[in-house]
Ligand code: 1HN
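Just one chain is shown here, as structure tokens, and it is the form predicted alone.
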């Protein structure tokens, strides 16, 4: 862009001449834009998608023949939403991936500003994630947290292959140029001797099953619990238990949601598109898309959403619920 003297704008003989000067000035006339920058309701961007755990695990086992944990920071498959310009994010604000660690392997420790969590699908009794110097068991169905700037690595000390599903809020950081920080641990993998089965960063399957047993049904055939504390600042974690014989419909919301199937089979209709799923599968419900779950058997779904992030900015809206006008007001204090 070049500097434009005020006199050039003053001397413009036509609107076209003015537009040419504005282009070199690096400014766009807002009155002439073909598409408005503000619109009355959310637009549909990211697509409803489904990924098969059976296929993802097979792909990772194949990759393990060629890619070791020494060669890769993480041996994982990033589940990207196929919209133009995207090869990373699963939903607008969330990235999900399948990860595999072979028996005897260790994935070196690092830390980063994005928040992360994982749902374990298959693992033996000696599979651990090391968080801040403590070994947390990773058993099938467990959900484990790695909050902002916590050291974490993985160690498979048993004889069974371990596979889990990762969720991170990295796409949010990609929009904030100054938000991303990342470090490798000086030891390669952090030293740890204490096995912490009761860490607040770990939600064992048995614990949330018991909570679901005690939960009330908001409607017939459905129970759900929020996992926490601890809580992540940008992602809300819920486990839903759904029974067959019902249709569980959810209205449009400004939140982006990624589901992982802990167990069971069924289908989810997202804005008219049907996604059939089974154990370990991942599906995404983008923002402002209604969806309906139907199950063939008792099923458990982990629901990961960006609701806490939106709530902090007063951007969370649910179709059919009134907009709270006070959220948009700035409260001035008398000086």
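Because the structure is a prediction, the values reported are computed rather than measured. Numbering follows the first chain given and starts at 1.
Omitted from view is the form predicted in complex with this ligand, to which the following refers.
query = Want to guess which of 219 to 227, 167 to 175, 185 to 193, 249 to 257 is within 4.5 Å of this ligand in the model of the complex, heavy atoms only?
reply = So the stretch in question is 167 to 175.
Query raised in the report: Heavy atom within 4.5 Å of this ligand in the model of the complex: which of 202, 241, 236, 118?
Result: None of the other options qualify; the answer is 118.
- Task: Answer with one of 126, 148, 99, 265: the residue that has a non-hydrogen atom within 4.5 Å of this ligand in the model of the complex.
- Result: Exactly one residue meets the criterion: 99.
* Heavy atom of residue 88 within 4.5 Å of this ligand in the model of the complex -> Flag for residue 88 set to yes.
Query - 4.5 Å heavy atom contact, residue 78 and this ligand in the model of the complex - result: Yes, contact at 4.5 Å.
_Is residue 207 near this ligand? Define near as a heavy atom within 4.5 Å, in the model of the complex._
Heavy-atom contact with this ligand at 4.5 Å: absent for residue 207.
Worksheet item: Quick one: is residue 74 in contact with this ligand in the model of the complex, heavy atoms, 4.5 Å cut-off?
Response: Yes - in the model of the complex, heavy atoms of residue 74 and this ligand come within 4.5 Å of each other.
Task: Neighbours of this ligand in the model of the complex among 92 to 126 [non-hydrogen atom within 4.5 angstroms] - done: Residues within 4.5 Å: 95, 99, 110, 112, 118.
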